[in-house]
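Given next, in structure tokens, is a single chain: the form predicted alone.
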Amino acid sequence: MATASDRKLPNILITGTPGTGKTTTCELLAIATGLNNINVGTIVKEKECHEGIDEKFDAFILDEDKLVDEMEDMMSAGGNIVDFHSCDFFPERWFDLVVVLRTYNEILYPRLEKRGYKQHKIEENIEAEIMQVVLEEARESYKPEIVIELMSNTVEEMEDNVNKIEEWVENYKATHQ
């Protein structure tokens, strides 16, 4: 199995509270870098890496072990951008960079409303953002030097984030030839 230092192409996790711009950032980053864009939610649904649906939150009940098993080979190869709202169950060895996207609540709230989230789901996600739940998960789960926090409130910030990460990928490639 390839270790992080053996991989010629990096694996990057883009995480954050729902509505912070993960999917758009990942899509733009995949275009800019040529890395594979892996939407974990799609894998959970298509490969049935869940134990049913939580009716209250209208979300899958994740089977973390099945999901990790499903993703292991593709992650070992490197060259992936992983899009998911949680991160503490992914193996530390998978990632060379962990990006936590953050958004101000006055921007996040209408984004979640626009998605049609129920009020209690909006409130839970806003509270998670206030309490920095995903950021703390990332800091507790990965080496501090690979975890970065980026603001994702505007299109300009999102484009700037993509440029920063693209530059990081180029530096990674240059040092792992």
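Don't overthink the numbering: it's just position in the shown sequence, from 1. Just so we're clear, the structure is a prediction, and the values are computed from it rather than from any experiment.
What comes next is about the form predicted together with 2'-deoxyadenosine-5'-diphosphate, which is not displayed.
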property: Placed ligand check: 2'-deoxyadenosine-5'-diphosphate in the model of the complex, overlay by site C-alphas, backbone/C-beta within 2.4 Å; result: open
property: In the model of the complex, the one of 120, 143, 45, 115 near 2'-deoxyadenosine-5'-diphosphate [non-hydrogen atom within 4.5 angstroms]; result: 115
property: Three-residue site 33, 163 and 165 fully in contact with 2'-deoxyadenosine-5'-diphosphate in the model of the complex at 4.5 Å by heavy atom; result: no
property: Candidate stretches 60-68, 134-142, 107-115, 120-128 - the one whose heavy atoms come within 4.5 Å of 2'-deoxyadenosine-5'-diphosphate in the model of the complex; result: 107-115
property: Heavy atom of residue 10 within 4.5 Å of 2'-deoxyadenosine-5'-diphosphate in the model of the complex; result: no
property: Partner proximity in the model of the complex: residue 158 to 2'-deoxyadenosine-5'-diphosphate, non-hydrogen atom cutoff 4.5 Å; result: yes
property: Residues within stretch 143-177 having a non-hydrogen atom within 4.5 Å of 2'-deoxyadenosine-5'-diphosphate in the model of the complex; result: 152, 153, 154, 155, 158
